[in-house]
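Shown here is one chain on its own, the form predicted alone, set out as structure tokens.
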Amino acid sequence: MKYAFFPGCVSRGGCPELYPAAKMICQRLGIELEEMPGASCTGAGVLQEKNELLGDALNARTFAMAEKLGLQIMTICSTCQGVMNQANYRMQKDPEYLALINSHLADEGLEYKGTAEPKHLLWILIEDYGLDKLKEIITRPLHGVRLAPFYGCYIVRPTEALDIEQHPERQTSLEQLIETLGATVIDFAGKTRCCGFPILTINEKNSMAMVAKHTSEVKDLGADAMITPCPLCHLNLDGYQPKAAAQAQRPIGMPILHMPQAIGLAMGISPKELGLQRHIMSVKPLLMKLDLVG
């Protein structure tokens, strides 16, 4: 299995421990990754609100790069997945719009032919790789650990752009993965809601309220950690949790794991290699449960 790798911005910038963790587990899975060093940000949905054509053209440019490589795109970011799928949906249903976008790509000698199918690593594991095969290479199951899934917004809606009807398993993919890793699922209503990151710079108070609500809810339900397939959600839920707890006037202390980090722990990769020491919220209580401290 080989993919054009699109890690997104946050896993290389705001949370740089997430990128090597994803590469390590893909190597163990036998998934070959071809980098696209010239690829740009998807726009994260924010750019699209101001200039949809520009945002879609940036994604078409990335799609055209992957087509040149003869590969489909793999991402490790829910936000990237959702934004790319929405852009692709608009272009594939409107040939004139695609032609307009290609007129902007021509200066670079690029043309998007409409064959891209960007796919999150989570979906690849469920639909292409197979959870039974993944289970075979788990050497340290996460038994006794209670994980709360947090999908975030972009990987679950809009359903028509994300092919949810054709792939209903995507709605429970994170829970299936948690169980495969040997952990117990702590379900909660907020798992498919926004983490608050998109409004962080314009309404920090509400963003912090959302962080506090999600993390405190799973804390009260007995979760040992949250697991998310989205670096942006990871950044907000982990990095801003102290401020959110102060605003909510209650202690929370909920560890946040990016999905590849949880998989890596179950594969026997050390917490240090996975960059867990870089997190804002201490993962020590979780590691103690797994007998990985000291």
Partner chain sequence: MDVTIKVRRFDPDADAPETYWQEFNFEIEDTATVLDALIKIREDMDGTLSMRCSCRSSICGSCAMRINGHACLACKTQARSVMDKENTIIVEPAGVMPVIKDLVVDFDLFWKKIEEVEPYLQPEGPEPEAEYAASNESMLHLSGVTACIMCGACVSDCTVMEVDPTFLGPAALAKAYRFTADPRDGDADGNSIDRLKQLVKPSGMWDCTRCAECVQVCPKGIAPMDRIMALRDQAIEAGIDNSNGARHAEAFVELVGHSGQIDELRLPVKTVGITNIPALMSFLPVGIRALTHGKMPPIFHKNIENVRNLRRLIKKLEEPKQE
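Numbering follows the first chain given and starts at 1. Being a predicted model, the structure only gives us computed values, none of them experimental.
Another form exists, predicted in complex with its partner chain; not displayed. Remarks below refer to it.
> Heavy atom within 4.5 Å of its partner chain in the predicted complex: which of 64, 245, 57, 269?
Looking at the other structure, the residue within range turns out to be 57.
> Looking at heavy atoms inside 4.5 Å, which stretch does its partner chain contact in the predicted complex, given the options 154 to 162, 68 to 76, 130 to 138, 219 to 227?
Correct option: 154 to 162.
> Quick one: 41, 50 and 194 and its partner chain in the predicted complex, is every residue within 4.5 Å by at least one heavy atom?
Yes, because 41, 50 and 194 each have a heavy atom that approaches its partner chain to within 4.5 Å in the predicted complex.
> Evaluate residue 14 for contact with its partner chain in the predicted complex, applying a 4.5 angstroms cut-off between non-hydrogen atoms, and reply yes or no.
Residue 14: contacts its partner chain in the predicted complex.
> Please run the contact check for residue 278 against its partner chain in the predicted complex: heavy atoms, 4.5 angstroms, yes or no?
Yes - in the predicted complex, heavy atoms of residue 278 and its partner chain come within 4.5 Å of each other.
> Even though the partner isn't displayed, in the predicted complex is residue 10 close enough to its partner chain, meaning a heavy atom within 4.5 Å?
Output for residue 10 is yes: heavy atoms within 4.5 Å of its partner chain.
> Against its partner chain in the predicted complex, would residue 108 count as a contact residue? Criterion: heavy atoms within 4.5 Å.
Yes, residue 108 sits close enough to its partner chain in the predicted complex that at least one of its heavy atoms falls within 4.5 Å.
> So which bits of 237 to 254 sit within 4.5 Å of its partner chain in the predicted complex, heavy atoms only?
The stretch touches the partner through 238, 239, 240, 242, 243.
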